[in-house]
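Shown below, as structure tokens, is a lone chain in the form predicted on its own; questions about how it binds or moves come after it.
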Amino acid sequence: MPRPIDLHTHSSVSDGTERPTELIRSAVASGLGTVAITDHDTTEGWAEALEAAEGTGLAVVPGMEFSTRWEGKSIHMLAYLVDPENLELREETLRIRESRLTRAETIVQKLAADFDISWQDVLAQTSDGATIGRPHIADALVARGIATDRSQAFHDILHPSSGYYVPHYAPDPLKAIELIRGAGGVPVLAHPATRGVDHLISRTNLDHLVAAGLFGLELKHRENDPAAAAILAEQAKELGLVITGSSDYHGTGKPNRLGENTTEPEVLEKILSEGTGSSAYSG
């Protein structure tokens, strides 16, 4: 029987709590056969993850979670098998990371007016080279006793409706798909049903994404609303999109557990045959 396939995980290179090496060890311990490392807007964790997978029998799919924004809403795009040296992709993701950093500093400045927290507190929650973002601010709030855990911080102090929220730069998803495809990658829309039926992506917009080169939808994900996911599943069938399942694992940063949602082997094969920018590594 094939071992489980989990195509969405994060290391401490972005907002997970485990180094890529530790993430790979956790994936092996969880009995996975394949794991994708998909840190936010960066491929910096790939080399360490691939090295850690040597001799384990675990297959690693190199990927990234690309930040985009459309009609005022944050939309995340999973990008599998891109060429990490593609200049246009590197420049755009660098721009996003730099905007994240500036935005994080601004949020902390606003928080410091009301809470006992500093930028140094946030830096203490990050690893070298990490893409600093709201999760690290949340961890700093927890460390200072201002929030009980990361989830509570996001639902309260760091919520978009709070007075502390600041947006960051992100391209629209059509541009992201163009960049991903230009780098030989395979774009899959991440957890697209989290906001429920009333806030589902319109069929017209989904058609635009498919025309641009969208390959699939991540519908098996704990945060997707079941009714909204069912609607998208029917549309995926009509549009010829693959359906993936993933944990969106962040170590101890989220309750998500490795392998809690998985992708079918035939879907993985389609993704692997579609991508040309890099290759999966079999340990």
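Here the structure is a predicted model, which is why all the values come from computation and not from measurement. Residues carry their position along the shown sequence, with the first being 1.
Omitted here: the form predicted in complex with a small molecule. The next part is about that form.
Undergrad: Which of these residues, 109, 127, 205, 151, gets a heavy atom within 4.5 Å of the small molecule in the predicted complex?
TA: That would be 151.
Undergrad: Please pick out the stretch from 253-261, 210-218, 26-34, 44-52 that is in contact with the small molecule in the predicted complex, where contact means heavy atoms within 4.5 Å.
TA: Stretch with heavy atoms near the partner: 253-261.
Undergrad: Would you please decide whether residue 173 lies within 4.5 angstroms of the small molecule in the predicted complex, comparing each non-hydrogen atom pair?
TA: No, residue 173 sits far enough from the small molecule in the predicted complex that none of its heavy atoms falls within 4.5 Å.
Undergrad: Find out whether any non-hydrogen atom of residue 187 is located within 4.5 angstroms of the small molecule in the predicted complex, and reply yes or no.
TA: Heavy-atom contact with the small molecule at 4.5 Å: absent for residue 187.
Undergrad: Can residue 84 be called a contact residue for the small molecule in the predicted complex at 4.5 Å between heavy atoms?
TA: Outside the cut-off, so no.
Undergrad: Wondering, does residue 181 line up within 4.5 Å of the small molecule in the predicted complex on heavy atoms?
TA: Although the small molecule is absent here, residue 181 would stay clear of it in the predicted complex, with no heavy atoms inside 4.5 Å.
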